[in-house]
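This document opens with one chain alone, in structure tokens, the form predicted on its own.
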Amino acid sequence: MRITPSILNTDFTRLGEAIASIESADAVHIDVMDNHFVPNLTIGLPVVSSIRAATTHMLDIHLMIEDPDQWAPGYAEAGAESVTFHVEAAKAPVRLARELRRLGARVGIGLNPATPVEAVAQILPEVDSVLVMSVEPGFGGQGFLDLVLPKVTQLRRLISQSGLSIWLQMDGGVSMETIERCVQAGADTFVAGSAVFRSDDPDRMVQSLRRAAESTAASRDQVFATTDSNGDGGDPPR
């Protein structure tokens, strides 16, 4: 179970302090938005390069931009360990994934809430993680969309059946109130922004989220193992 806090809702003039406050995090999630693919404008490559120079944390870049084919490789070249682009935006996702891997980055592919699993099913061998948006992309602090949970379960079964080692990441509205449902659906990596940075102690919240996820994971994995072995495609427990 991995917790990757998003810095989207932090004070951008104090990014160093925000990142230092989440020492236990598995990565720092950085949302890059261009005001075209999504209706918001955040930070770009120069700021990410500065963050890279200021921390040893894994950088988990989430590109919500119109032309990732052109811009994504630059983030890998800047030292980001993981770069996620959206399947809805990429013109040549396989070629882009292979270029990111050539540059030494983990490859993530993102899906908006309304995008079906079929959009990425055939290219799973080319990626290291799949990110499912559980809010409409563009702004932090939105309410969690339970309607994406069946899609997460479908992806978990595809990943398990493939034998691939792929992280299944949920992004949007992840909190102590929702993380158990995310784990039960099949996710193992969680982007939490507001829940972490609006808490009194961000690092303690990271640890609490991870414990909550881990406490649910064992029973979930048993359910998936059982349904995979008997062919039952039913939903996991709620």
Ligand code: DX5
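A residue's number is simply how far along the shown sequence it sits, counting from 1. Note that this is a predicted model, so its numbers are computed, not measured.
Heads up, the form predicted in complex with this ligand isn't pictured, but that's what we're talking about next.
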Listed range touching this ligand, judged in the predicted complex by heavy atoms within 4.5 Å, from 66-74, 47-55, 203-211, 167-175
167-175
Are all three of M1, G186 and S219 close to this ligand in the predicted complex, meaning a heavy atom of each within 4.5 Å?
no
With the partner omitted here, the residue among A80, I109, M133, L100 that in the predicted complex has a heavy atom within 4.5 Å of this ligand is M133
Distance check, M33 to this ligand in the predicted complex, heavy atom within 4.5 Å
yes
Contact label in the predicted complex: S194 to this ligand, heavy atom within 4.5 Å:
yes
Is the gap between P93 and this ligand in the predicted complex 4.5 Å or less for some heavy atom pair?
no
Those residues of 65-85 with a non-hydrogen atom no more than 4.5 Å from this ligand in the predicted complex are none
